[in-house]
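To begin, one chain is listed below as C-alpha cells, in the form predicted alone.
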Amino acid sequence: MRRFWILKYLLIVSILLIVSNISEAAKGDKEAGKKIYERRCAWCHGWNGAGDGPAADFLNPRPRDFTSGIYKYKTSNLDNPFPYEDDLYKMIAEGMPGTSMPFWKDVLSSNDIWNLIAYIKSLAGLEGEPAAKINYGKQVSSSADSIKKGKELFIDRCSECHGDEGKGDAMKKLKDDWVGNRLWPRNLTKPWMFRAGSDPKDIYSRISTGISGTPMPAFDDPASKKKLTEEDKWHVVNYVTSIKNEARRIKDGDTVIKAKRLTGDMPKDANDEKWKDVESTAYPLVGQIIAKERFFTPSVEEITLKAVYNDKEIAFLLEWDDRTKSIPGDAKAQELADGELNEDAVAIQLPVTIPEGMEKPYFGMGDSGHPVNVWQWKSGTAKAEQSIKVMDATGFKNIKARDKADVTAKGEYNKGTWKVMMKRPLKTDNKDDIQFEEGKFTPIAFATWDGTNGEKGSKHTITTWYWILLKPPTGSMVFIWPIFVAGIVLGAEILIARSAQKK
C-alpha cells in the first residue's frame, strides 16, 4: 500500500512538471512572435524595436523603445528594473489609454500575445522573470480620515507636478530620460485614462516604484527624503481614487446635449449657480487631420457641454481640462510652451439651416451647399483681452470672419480647467445665422486649441457632429395621459376579473 501511494505521488508530480513545462513553452515562441510583431507592431515601434517606426514622429507619447529594456509600468519591486511577463501581457492586451497604443485582446489570441512577449523580450536580451514583486502590505480601507491624510501627503509630495487638485497643472516642464521628449503629468481626476490600470493596487504600484524613464519618482526608494511607508501609500491611493470627475467621462451613445428651459434670467457667467442643476455631456476630441496644416499630437482629450435657454436667449457652458493657461507675452507661460506660444481657444460649429432629416453639413467647416456658423473664443494675451468672433464657412478654404458678432463670451481658468460661457439670442435678423428652434435636433460640433502645445489655425482638436435639443417645457398633458391610460387598463382588468368570477 505504501508503495502504491509513493508511485501515485511520483506520477502526480511528473504530470504537474509536464503541464508546467508545456505552459512555459506556450508562453513564448520567439519566431512566431517576430512574425506578429512585423505585421502589427513595427509600424510604430520600428523594425528593430527602437521606437522609430514610420508613424513614430506623428505620435505623442512616442512608442516604446524595446531595445532598452526599460518599461514604465511593472509590478516587480524597486530592486528589479524589468517587468514580469504578466505585466507585458496586460499592456498588450489592454492597450494604453490616452496613447496610440490600442488594446490587442480582440485581435490577437492569448497564445499570440505570449509569442509576441517572447520576441519583444529578446530585443533587449531579457531572460527569465524578476525575483520579487512589490510588497503591498495591508491595504487601508478608504475612509474620510484616510482620504484626509492622503490629501495632506499628496500636497506635500505630489502637487509639485500633479497640481493641488491632481489635474497635472503644476507650472513645471517635464521631459523623459531618453531623448528629451515632452511629458505631461497625469490628470488624476480621470482614472479611465490611467495607463496600466486604475485599481487601487495599480495606483499603489506606480507610487511604490515610480515610472521608469520619467520624472515620476519611486516612493519606496530608501535614499529619498520623500519615501512613504506602506500605510502612507495606501492613504495617498485612497485620496487619488476619491478625486475622479465622472462628468468628464465619455459615455457610449451620449450624443445629445439637452438644453434646459429656464423661466427666469440666463446665467451671468461660467460659475453662476444656475449651471449646477443642468445636465452635462462629454465628447471626445481628436487632432484635426483633414486639412493642412494637419495636427497629430493633441493634449486635450475631451470637452464637456451644458446648455440653457429661455424665451429670448441660449447659452452654452464649455469646460475642458488644460494643464496650462496660455498667455502669449507672459514669460512664465513661454517657459512651459513647446516652441511658439499661442492663445488657448474653443469654438462651436452650427449649421446655418437646421436639417429636416439626418443630413448634416460636412463637419470640417461645412460645404458649398451647407454653410455653417463658427463661434470662436480666444483667451487673450499679456496685452489683449479675451475675444469672440463669428465666422461663416463653406469649407476650410472659404472662411469669412464678421465685423460684428451677436455672440458674447467669457472664460475663466482655475487649477487646470477652462470654463467658457457663450451666449446669443435665439433669433437674429441675419439670414446667415442659425435660428434656434425649440424641440428640433440641431447638429453641433466643437474644437479646442491648446496654445502651450503650439496649436494655432488648423492645428487643433475637433469633434464630429453631435446634436443639441432645446427641450420644450413639460406640459400638464404629459402627466394626464399616463393617468388616463392607467385608468382604462385598471377598468379592463376589473371587468375581466368579474367575468371570470361569474363563470
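Computed from a predicted model, the values in this text were never measured in an experiment. In this text, residue numbers run from 1 along the sequence as written.
If you look for the form predicted in complex with a small molecule, you will not find it shown, but the lines that follow are about it.
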Even though the partner isn't displayed, in the model of the complex is residue 44 close enough to the small molecule, meaning a heavy atom within 4.5 Å? yes
Contact label in the model of the complex: residue 460 to the small molecule, heavy atom within 4.5 Å: no
Residue 351: touches the small molecule in the model of the complex, heavy atom cutoff 4.5 angstroms: no
Exercise: residue 347 in contact with the small molecule in the model of the complex, heavy atom 4.5 Å: no
Would the small molecule be touched by all three of 389, 411 and 447 in the model of the complex, meaning a heavy atom each within 4.5 Å? no
Among 255 to 263, 202 to 210, 275 to 283, 332 to 340, which stretch has residues whose heavy atoms lie within 4.5 Å of the small molecule in the model of the complex? 202 to 210
Heavy atom within 4.5 Å of the small molecule in the model of the complex: which of 59, 50, 469, 32? 59
Give me the residue from 78, 96, 147, 243 that has a heavy atom within 4.5 Å of the small molecule in the model of the complex. 96
